[in-house]
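This document opens with one chain alone, in structure tokens, the form predicted on its own.
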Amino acid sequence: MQETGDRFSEWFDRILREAEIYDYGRYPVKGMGVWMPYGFALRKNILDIVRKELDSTGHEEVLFPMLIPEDLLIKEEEHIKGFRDEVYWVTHGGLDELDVKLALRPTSETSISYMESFWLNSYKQLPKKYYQIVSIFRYETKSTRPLLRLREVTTFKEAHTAHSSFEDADRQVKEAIEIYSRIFDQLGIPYIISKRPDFDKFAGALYTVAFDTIFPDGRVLQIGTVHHLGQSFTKPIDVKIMLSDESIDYVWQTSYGISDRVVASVIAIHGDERGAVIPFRVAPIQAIIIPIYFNEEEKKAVMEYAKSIERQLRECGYRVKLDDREEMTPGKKYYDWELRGVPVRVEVGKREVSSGSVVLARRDLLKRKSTSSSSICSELSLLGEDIDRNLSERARERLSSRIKKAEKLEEAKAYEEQKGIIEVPWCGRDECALKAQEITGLKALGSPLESPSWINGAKCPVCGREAKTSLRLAKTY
């Protein structure tokens, strides 16, 4: 999808609505939407990848209460300060005012730390890696956007880990980055990884690492974060363990999260003017079968053949649907399923019945090919792999083309019109990053995890000191 500005915004909202992915704006609470069946199936397939990656790396799924007592939430002052303006409070039960206000979960560091104070007592139990996929609530005061900026985030995957040392928590941050990289790679979502400036890290964290991608309108969207929490939550909540030398210390923690924005990115990044283009791996319907006939005599033979193709594909394990709607022409069916982003269309007509073949039309390249019905399962497998590879490669190319390096902030201001990410040399000091934001009108995303070689000998354009790394700047959601 190459539209920019308002045109992209209109396109994105239209696709969510007309493809029956997410109904937003009609539920009578601002900032909340409804997952419709097709969108919920896409969400489920994406979460299956998330769960598989977490489960395979020793994470255990849990489910915590949605309500957090105020006296627990405020134990970590830096955390509550960071979220105070965004918390929803439950103050009454029926007609009775509650003795203690209850917060609708904005995130779960305090809740999980509290329970860990009962569960953990020895280094031998560590590391512990928990995760849950839940709704969180934040009173977003800026303009809300479907799937991008919500007051109820319905697809919040938060992982929380406990460790016996700073170093082991640091190792867990690296593992989390690898996990997220694998998830986004499987979805064909291109990304950059940045260490956020200290002034923009998660409340209570020692440091934050973030994954960002670039949307078609040139704005940058944060799609995942990883936080080294140190002992910021375990000290006030008193989560202690005995170490191997029999001394007592507070537990070290990390947390990391992704949200509905992952689904939004799949739709926005791969889509085109015809609608969504869903990767084969996560498509709710991987192949849609369209029967083509012009009279009742043709109809009988074509429908019988189409049903046999459907059975064959189902037996091979594909998510497939036969569109047998009689009130709609084949052309209108093409449009309908292209809008929804179904990766492959299987066309079956009189000629295919006679020759024992089918026509496979791929959504990403809008190309068609004929193949024997006897080899359709293997052909669809190869085609699906190629579709996902193509979507991933062209998305990476688009992201790379929208990242530019510059040595002066004036160049960054000029690049703002082209949209994307601009990298400038940086001394590493927060005051210079804040000044760069002020001068350019762009947000400081932070720096690469490793200092790039291109800044060798370069000077920070704000203070003139020697650059230690680079600073990424962009317009963001």
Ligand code: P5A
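Keep in mind the model is a prediction, meaning the values are calculated, not measured. Residue positions are given as counts along the sequence shown, with the first one as 1.
The same protein also exists as the form predicted in complex with the ligand; that form is not shown, yet it is the one meant from here on.
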Original post:
Looking at Glu379, Glu338, Glu310, Glu158, which has any heavy atom no more than 4.5 Å from the ligand in the predicted bound form?
Top reply: Glu158
Subject >> in the predicted bound form, the one of Gln186, Ser164, Gln222, Asn390 near the ligand [non-hydrogen atom within 4.5 angstroms] >> reply: Gln222
Original post:
Any idea which of 252-260, 271-279, 234-242, 291-299 reaches within 4.5 Å of the ligand in the predicted bound form, heavy atoms considered?
Top reply: 252-260
Original post:
For Phe202, is any heavy atom within 4.5 Å of the ligand in the predicted bound form, or not?
Top reply: yes
Original post:
Should Arg138 be classed as touching the ligand in the predicted bound form when contacts are defined as heavy atoms within 4.5 Å?
Top reply: yes
Subject >> Contact of Val348 with the ligand in the predicted bound form (heavy atom, 4.5 Å) >> reply: no
**OP:** Indicate whether the ligand has at least one heavy atom within 4.5 Å of a heavy atom of Ala169 in the predicted bound form.
**Re:** no
Original post:
Quick one: in the predicted bound form, does every one of Thr107, Leu147 and Leu150 get a heavy atom within 4.5 Å of the ligand?
Top reply: yes
Original post:
Of 435-469, which residues get within 4.5 Å of the ligand in the predicted bound form if you count heavy atoms?
Top reply: none
